[in-house]
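Presented below, as structure tokens, is a lone chain in the form predicted alone.
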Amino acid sequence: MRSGFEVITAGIQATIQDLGRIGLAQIGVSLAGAMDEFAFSHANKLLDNKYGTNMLEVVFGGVKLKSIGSTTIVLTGAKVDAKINNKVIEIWKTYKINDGDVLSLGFATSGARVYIAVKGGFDVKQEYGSCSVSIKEKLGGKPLHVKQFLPFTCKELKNIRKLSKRYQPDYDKVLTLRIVAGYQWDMFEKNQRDKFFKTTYRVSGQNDRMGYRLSGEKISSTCKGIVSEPIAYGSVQIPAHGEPIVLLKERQTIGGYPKIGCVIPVDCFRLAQAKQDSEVNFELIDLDKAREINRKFYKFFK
């Protein structure tokens, strides 16, 4: 008999994610992958999994899974009422789950994305070098659905592990996104750049794995149109309506709007946990500092 999870309740949107399809933008394939690599990578580290091992990314919660076989699990990311057999469990802590046990998630009270990881990851096939589900491109399968079976190999972690609270993120804090000056920085006059950095924006209802549109002061550029060009992760583009859009994991690979800057990856991960109406500020950072922050993050997990 195969071991794995039977899906009892699928939630709003739950997908298998790893680190995505790296290096395929030139053929029009978006990155995809885990939106919050901080929570994702800590889940794998707590389970002593290989870096980048796949797991479930659950938007807002509402998922219920029955275990067939035993394994060790961990939940990271958004604060959610989680239970095994109706007994409350903690986020950021490993648990053994036995054959027949039911894992259930309520809905997130802080943050937007919960990660459910198992020891060794799920036994799912890859497409273009990744098993990440890309909803926009219809790669890697589909979002979780009722009666689906998610196979895993029965593996258990001997010791209980937990991330200290001092390292657990506070998703309710006002978010400051650090950005490096972008491709078309000089196409924004100083008064427009000043307005951009002085404004406290709010996350609009138009946000998904492709990007987050922010509501607030509108800014404009001197640009009358540009030739479509490759778009980096975290690019902050300013369309004609004047409100910033931060582009994330399933962004289009090319685009023609001016970009005032690029949010550093670790702050993009944090943005992915922001709910509608969350407050967001921007802060300029130089390229060398941005590189050092990025290098430090990946060095810790790799």
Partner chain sequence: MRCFSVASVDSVIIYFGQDISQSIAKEVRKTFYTLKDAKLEHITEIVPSYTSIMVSYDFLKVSYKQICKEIDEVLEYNDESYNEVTTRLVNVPVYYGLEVGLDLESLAKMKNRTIQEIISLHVNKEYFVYAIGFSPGFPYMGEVDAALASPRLANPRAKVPKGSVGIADNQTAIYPQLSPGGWQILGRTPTEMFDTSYDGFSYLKVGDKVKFEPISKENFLELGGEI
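Numbering follows the first chain given and starts at 1. From a predicted model like this one, the values you see are computed outputs, not experimental measurements.
What follows is about the form predicted together with the partner chain, which we do not show.
Contact here is defined as any heavy atom lying within 4.5 Å of the partner chain in the predicted complex, and by that definition not a single one of Gly52, Lys79 and Ala274 is a contact residue. Checking Ala10, Leu19, Ala290, Ile16 against the partner chain in the predicted complex, a heavy atom within 4.5 Å turns up for just one residue: Ala290. The contact with the partner chain in the predicted complex, taken as any heavy atom within 4.5 Å, belongs to Glu137 out of Asp99, Asp208, Glu137, Asp123. The stretch that touches the partner chain in the predicted complex, counting heavy atoms within 4.5 Å, is 25-33, out of 55-63, 25-33, 238-246, 42-50. The closest heavy atom approach of Tyr95 to the partner chain in the predicted complex falls outside 4.5 Å. Interface residue remark: Ser228 is counted as part of the site for the partner chain in the predicted complex, having a heavy atom within 4.5 Å. Proximity of Ile89 to the partner chain in the predicted complex falls outside the 4.5 Å heavy atom cutoff. Looking at Val203, you'd find every heavy atom of it more than 4.5 angstroms from the partner chain in the predicted complex. Taking a 4.5 Å heavy atom cutoff to the partner chain in the predicted complex, the contacting residues in 260-298 are Cys262, Pro265, Leu287, Ala290, Arg291, Asn294, Arg295, Tyr298.
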